[in-house]
Structures are given as C-alpha cells and as structure tokens.
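In the block that follows, a single chain appears as structure tokens, in the form predicted alone.
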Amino acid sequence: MNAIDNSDLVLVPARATLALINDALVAEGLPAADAARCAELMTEADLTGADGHGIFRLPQYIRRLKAGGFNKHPNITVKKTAPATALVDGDNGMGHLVMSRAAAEAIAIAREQGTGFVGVRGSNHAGPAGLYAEMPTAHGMIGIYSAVANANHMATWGGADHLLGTNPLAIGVPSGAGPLVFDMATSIVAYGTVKKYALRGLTMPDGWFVNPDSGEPITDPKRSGEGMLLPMGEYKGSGLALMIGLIAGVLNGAAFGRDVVDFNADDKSETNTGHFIIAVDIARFLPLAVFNAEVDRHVRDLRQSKRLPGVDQIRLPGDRRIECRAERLRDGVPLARALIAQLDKMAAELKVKPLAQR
C-alpha cells in the first residue's frame, strides 16, 4: 500500500474543535449540558485517533438534527430487568448521550452485583466503541461494548446482499500503566475510514470493497455505494458481525438486518440503533492491585518477546490511543482542508464562529 499524502491536513487545537462542536449543537437546539457531553466525547474520539467519529461527523449530525432524525429532548429511560441486567431506551436521542447513560448504569450495577449487562435500543450512532469500553476501567472494571452499525455495508460470508453492518467490538482492561483498549470493526476497515478517503480524494487499496456482481475490487471510495465491504478474517468477521447484531439488535428490540436504516443516506428516519455494554468488577475475582500487577507483568513479557524480522517494536491494544492523545493535545487535531470547508459552511449557516476564529 502506498504512503498516504497528508499535505491536505491542517492541525487544529482540540479546544477549538471542542468549542465548535459544542456551539453548533447548541445552535441547532440541543440543551447545553447535552451538547457539552457530545462535544466532549466527539473530541475524545479525535484525540485518540478515531478520526471518522469525531468532528468529521458534525455536519451529518447537524443535518439529522435539522431534519428531525434525532430527538433533541429525549426521555432516556432505564428499566431494571433483573439484579444484574437493565434495558435502556434512548428515545431516539443522540447516541453519545444514550450510551453515556447506559455505561453509567452498567458500572453502577456491577458495583452492586459484580457484573452489569445493559442492553440499549432507540439509540443512534455513538462514535467509536473504545470510548465506552474504556469507561468501566476507570472504576476498576473490565468493559465490553458492541453495537449494530448504522448502515449495512457487508453481506454474510458467501452472500451478496447488504444485510450486515461493520458491527464494532471493544474491550477495555485496566492495568497499572493505564487501560488497554481494543477497538475493532468486524469489517476489514471501518466505514468511517472510507468516508474520510472519499472526502480527501484518496484511493482505497484492493481488498476493501468488491463489486457484488463481478467480484472485482473497487478502489474509488466515491463508488463505495456500488460495492460491498469485506469482513475482516473472511468468514470469521462475518460470523462475528452476525452474532453481535443478534445480541445488540434483536435481544434489545433494536434494528438488525433488513431493518437497519442507513443514516448516511437518510437524515429523517429513526434508526433504533442497538448497543450493549458489560461491566465486570475485578475485585469480585481478586484484588484490583493484584490484577493490575499481573496484567503489567504479562504486558512486559509481550513487549520484551522476540520480534519477527523487520519489526522494531511490539505494539499492544491502547498504545496508539495513548500516544495519539498526547501528540494531538500538544500539536492539534489533523483535519482535512475539505472537512474544514464543510465546517466553515456549517458554522456560517448556524451563525457560530468558524474554527479559524477559535
């Protein structure tokens, strides 16, 4: 794969992106506290390298707010279904708000019961999975999060109908040196990356998209709608996407399969997005300090293990998130000039200050 030309990227201070997200959401009618929470999580997505889930999504969110696709004043409810389980109904609120509530509930249940399993329906796109898997780790817990993606870009292995999404999975595990966070799409690449490639005029590598009729690769991201996104690990990614969809979607009374609304193409319809989050209290198994010390020991073994030829460093889940966050807090968030143009246009329409004035 050829190196990507990043000459079209501009470094923007995170405080500026945070302020624009917040002001834009308030201008479009979100309550101040809700706008602040969404802005905080979207900025964290950018800081930790999930570029397809931060300010990149803001113009799309604003369009959905304008069109009525999001409920600006949701009544998010929690129904306890057993001592260790609950079901959250997001009332079509912004996914960041719904999942913040669900994560808090899972943590609270796990504190009382040892484990908390919270299903979610009536939600929306909530950004990167790693955000929510990491939340329980701050409380001495393991976090597991997954969701039904907000569009179907994949087929079951061997099929050609778009019936599966890029359904993500993230796991967060605390350690003495900070949380290890694993965040993956079940497709070979996240669809947000495809959207970034299209915005920047980049060419996709072979092996991401194929034409479902001919099987030929599609490398122009602007033609991705004609193709089918391939799963990671072939049948393994397809099977994992299916199982996640059944748990995050069907189990919670949320959308899955043919019922999924493509929120990239439809700004008005309720998506009824489903998620689930699990929190596990480590202290119910062994003292947290002992667990953290053991994790640190195994991590050291892995980092110091013999490397394959050409490998200069062994990297583990969460490494890049930590490095990226430090770099971007110091240097700024890289934004494509084409995205900045979109954000400037949006800011003018909403009558809020553009990035350059922040």
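The shown structure was predicted, so the numbers you read here are calculated from the model rather than taken from an experiment. One rule holds for the numbers: they count along the sequence shown, beginning at 1.
Although not depicted, the form predicted together with a further copy of the same chain is the subject of the following passage.
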query: Segment that reaches a further copy of the same chain in the model of the complex - one of 93 to 101, 217 to 225, 252 to 260, 198 to 206, heavy atoms within 4.5 Å; finding: 252 to 260
query: In the model of the complex, the residue from I282, A149, M135, A126 that sits within 4.5 Å of a further copy of the same chain by heavy atoms; finding: I282
query: Contact assignment for a further copy of the same chain in the model of the complex, among T77, N264, T85, S269, heavy atom within 4.5 Å; finding: T85
query: Non-hydrogen atom within 4.5 Å of a further copy of the same chain in the model of the complex for each of T81, I247 and L286; finding: yes
query: In the model of the complex, Y191 touching a further copy of the same chain (heavy atom, 4.5 Å); finding: no
query: Any non-hydrogen atom of R325 within 4.5 angstroms of a further copy of the same chain in the model of the complex; finding: no
query: In the model of the complex, N71 touching a further copy of the same chain (heavy atom, 4.5 Å); finding: no
query: Partner contact for G239 in the model of the complex: a further copy of the same chain, 4.5 angstroms, heavy atom; finding: yes
query: Contacts with a further copy of the same chain in the model of the complex - residues in 304 to 319 whose heavy atoms fall within 4.5 Å; finding: S305, K306, R307, L308, P309, V311, I314, L316, P317
